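Take a look at this one chain, the form predicted on its own, written out in structure tokens.
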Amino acid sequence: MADSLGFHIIFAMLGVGLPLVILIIEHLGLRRKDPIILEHARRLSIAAIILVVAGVASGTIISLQMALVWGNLIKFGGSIMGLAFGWEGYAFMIESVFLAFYVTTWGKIKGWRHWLIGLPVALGALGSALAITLGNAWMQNPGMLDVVNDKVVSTNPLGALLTETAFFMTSHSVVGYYLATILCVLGVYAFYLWRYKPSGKDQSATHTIMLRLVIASFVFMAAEAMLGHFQTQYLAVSQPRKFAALETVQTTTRDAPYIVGGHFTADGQVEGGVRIPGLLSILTDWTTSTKVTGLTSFPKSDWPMLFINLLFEIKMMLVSLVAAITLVFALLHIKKIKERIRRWRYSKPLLLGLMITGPLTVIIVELGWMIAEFGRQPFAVNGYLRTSDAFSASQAVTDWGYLFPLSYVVLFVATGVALRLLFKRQGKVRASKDLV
């Protein structure tokens, strides 16, 4: 299941973020009345169709796994999760219908009217992401449940879904998808400059698009940093077991230190790392007197996977690297800087740095979901249904389970080939007056 979700999240992330990126680029082209920029937006919209089709295929595989392998989970919480999955179906219908309309009306419906057709595409993609994440947020922190005959009985499934945990998880996830997609597209344009060396108006348009994407990335970086901080604060209250493993807190204490580079041993002892006195308590609730719950306050049988702290530190290191690369690129556009220094903004080393930001942000998204899922263990529905009990298939599924990730590898390769053939067939970007 982890293998399948690891592949699926890439398609889902791009499916959510790419419609917004296309709208940003088309907006830029309309304001500047630049047909080349509009042509870039048109080509990306065709790529979005390929990614949506791949997302549908990967989502179908996940649905099969849920039905065939995790039947006990559906039996337990189907009345809650089914509502979220139903919303996702309606949202995807809106996205797919308007995406077809949007792509086929380039040059036929012009100007801002065409841009407005793209709004439901972005909103439908957003709705799909929100709906699915709501279901996962309920599994992370279901609150108090009425369970009768091993089944959740709820008179208010909507209230069960729309919780504070849901707000933080959906907002943090969606903003992360937007940011990762923006940086992936930015990396593609950096490769375009490196490989094809466009000149004249196409070069100018490419530079303009890249600068606009960098500005957008800083907006989402700021939002993600703020949401991440407040989400972690709330995690200390809502899921203290996960928080203790994430922040290497061994025993419940006040004036808790923030430990950088430490790790848990198998018996829950913290070894190594640099300790900053009182900082974790301050980050948790703004004062050193804040009490932070330690891992030993919970039965060892309920401990999450303790390596999530290592995943978190790797994630934050990659976040810092991505932020530094994009910041350098942005600073080199400041006109007050000497021209001989500003020329480095499109140098090969910096273009190479921009190219790797896309894959790095995909890894960051993957690490974020790994932390969320491994940190919830050993429960499928936190505090109520253990993962071992949620599994409903025969253990023989492990003999054939490789077929799921193998199908994703095939889908991943096929999608990459399709995208490559698309842009190769489109040829060099040229202005088209039909788009203005």
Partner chain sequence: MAPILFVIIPLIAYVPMFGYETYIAFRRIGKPRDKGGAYLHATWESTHTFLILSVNYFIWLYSSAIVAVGQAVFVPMLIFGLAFILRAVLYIYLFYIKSSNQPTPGRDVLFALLHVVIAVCLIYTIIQTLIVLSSGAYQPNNLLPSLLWPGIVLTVPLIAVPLYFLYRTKSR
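Numbering follows the first chain given and starts at 1. In this text the structure is predicted, and so the values were computed from the model without any measurement.
Only in words, not in the display: the form predicted together with its partner chain, which the text now covers.
Checking 78-86, 204-212, 224-232, 361-369 against its partner chain in the predicted bound form, the stretch whose residues place heavy atoms within 4.5 Å of it is 78-86. With the partner omitted here, the residue from 71, 107, 277, 261 that has a non-hydrogen atom within 4.5 angstroms of its partner chain in the predicted bound form is 71.
With the partner omitted from this view, the residue of 218, 344, 90, 191 that lies near its partner chain in the predicted bound form is 90 [heavy atom within 4.5 Å]. Though the partner is left out of this view, residue 98 does reach within 4.5 Å of its partner chain in the predicted bound form, counting heavy atoms only. Although the partner is absent here, residue 63 sits close enough that one of its heavy atoms falls within 4.5 Å of its partner chain in the predicted bound form. Its partner chain in the predicted bound form is not approached by residue 28, whose heavy atoms all lie more than 4.5 angstroms from it.
By the criterion of a heavy atom within 4.5 Å, residue 407 is counted among the residues contacting its partner chain in the predicted bound form.
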